[in-house]
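Consider the single chain below, provided in structure tokens and representing the form predicted alone.
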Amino acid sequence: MTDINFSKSAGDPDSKGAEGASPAPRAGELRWDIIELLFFAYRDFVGDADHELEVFGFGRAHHRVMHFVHRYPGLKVADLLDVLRITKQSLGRVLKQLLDEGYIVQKTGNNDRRQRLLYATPKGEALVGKLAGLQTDRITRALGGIDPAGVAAIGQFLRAMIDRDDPDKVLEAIFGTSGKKT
């Protein structure tokens, strides 16, 4: 594996000033600082769960499916496709494995028999709980030294990063335009 060397030149807009803080970029400059922080934060955030999932022969797609099925019981397959933004074929493979191994059950809709509603089984809930516990531990450590106003700003930033014009039922729940679940 190749080493990555991070060297900053004096003219580099990302180089740190005298106080050691990165200056705010001017309009039109690329936000390498935030881009890289998001890459590494995501890598480590999902990495905790990835190691646990390997034991079961699962990957990140399994984790995402399990997360949303657990958080939104009765989620329709069509809505899950919208949330994950993956193809039916990709979801089908992952969903079949989760169904076959007893982590999720699928039921037909009460009003529309064509609907396929997804529910986590107790086995699936236990796995999601374990993965969410690992991720919560990382979040708690990261927020440890941040005051409530800073935590609120982080939440505001993350919400602002999400495309809000998406007719996504889960996002409606997250943003409180329908039944909010925490």
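Just count from 1 along the sequence shown to find any residue number. Only a predicted model underlies this, so the values are computations on that prediction, with no experimental measurement involved.
Heads up, the form predicted in complex with the DNA isn't pictured, but that's what we're talking about next.
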| item | value |
| --- | --- |
| The DNA in the model of the complex: contacting segment from 123-131, 61-69, 136-144, 41-49, heavy atom within 4.5 Å | 61-69 |
| Proximity of A78 to the DNA in the model of the complex, heavy atoms at 4.5 Å | yes |
| Exercise: R31 in contact with the DNA in the model of the complex, heavy atom 4.5 Å | no |
| 4.5 angstroms heavy atom contact with the DNA in the model of the complex for Q115 | yes |
| 4.5 Å heavy atom contact, I86 to the DNA in the model of the complex | yes |
